[in-house]
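The chain that follows stands alone, in the form predicted alone, written as structure tokens.
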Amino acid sequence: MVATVTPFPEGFGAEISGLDLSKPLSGEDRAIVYDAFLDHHLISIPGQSLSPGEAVTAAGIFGDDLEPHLFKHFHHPKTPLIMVLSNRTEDDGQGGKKPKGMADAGSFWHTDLSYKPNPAKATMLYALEIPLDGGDTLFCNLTAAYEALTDAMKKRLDGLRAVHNYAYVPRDVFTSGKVTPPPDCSQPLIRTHPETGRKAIYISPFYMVRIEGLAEDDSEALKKEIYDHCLQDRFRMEYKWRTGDVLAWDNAALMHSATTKTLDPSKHRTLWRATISGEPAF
């Protein structure tokens, strides 16, 4: 059976049916998955049951270079290439409890690893446990947002660069010294996709510090103008998870936000995350 691609009604994203990622995919099916990833920016493959090794293999469809997350304390015990996202706790071996994974992996708008010279190409999540309601993931189509800009705004943004920093907004792991963030990283404000050639507004509100070459007030005003444009409803969608879903997205085309910060702690959500390294943005 050859995989079937069904676009989502929101204007981007697609579901791919007819696949079992626990088994080797044919060359044809791998091509269908990858082409859908490029065409639709976001793909969902439902009904999966994967071991850690199988999840790593599935992530390899989107690129050969998988990257361990900076937060080593949330790596999967069987492989550092998987980060555990969970609001469950487990025994710490000393009579207490410790987090099973990272409870909130980012309930804020961002693009993965935009704070590194080689930002993430793709991110893949595999849902082991999903509550009946809550814990959804929001996506914003930055490619469509760019294409909707006026010609004057495209010209204004062309060539501008912005500074990104992982610790731009203070977090306990940084202020406590538990994790040392990478240094400032400069990224283009308009990014050209390395494979499709399509342009996108390359922003990461939680990590984007300032626009280079502008006074602070002017930088903040332009950042707000860009964010207000991108976060219009017409560029957004909400993905409602199901247990067994595999979700992968193109970080050169989208930004996203978790909603786990507002999830009732009695409702449990556990996912595995794999990150595929990318090339420098241009």
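Numbers for residues come from their place in the sequence shown, where the first is 1. Note that the structure is predicted; figures quoted are calculated from it, not measured.
Unshown form predicted together with succinic acid; subsequent notes refer to it.
Using a 4.5 angstroms threshold between heavy atoms, residue 190 stays clear of succinic acid in the predicted bound form.
Of the heavy atoms in residue 137, some are within 4.5 Å of succinic acid in the predicted bound form. Though the partner is left out of this view, residue 19 does not reach within 4.5 Å of succinic acid in the predicted bound form, counting heavy atoms only. Remark: residue 256 counts among the residues lining succinic acid in the predicted bound form, judged by a heavy atom distance of 4.5 Å or less. The partner is absent here, but in the predicted bound form a heavy atom of 85, alone among 201, 85, 208, 82, sits within 4.5 Å of succinic acid. When you look in the predicted bound form, the only residue of 157, 105, 185, 127 with a non-hydrogen atom within 4.5 Å of succinic acid is 105. Taken together, the three residues 164, 171 and 223 lack any non-hydrogen atom within 4.5 angstroms of succinic acid in the predicted bound form.
Note on the interface: of 229 to 237, 49 to 57, 248 to 256, 215 to 223, the segment with non-hydrogen atoms within 4.5 angstroms of succinic acid in the predicted bound form is 248 to 256. For the stretch 258 to 282, the set of residues having any non-hydrogen atom within 4.5 angstroms of succinic acid in the predicted bound form comprises 258, 269, 273, in sequence order.
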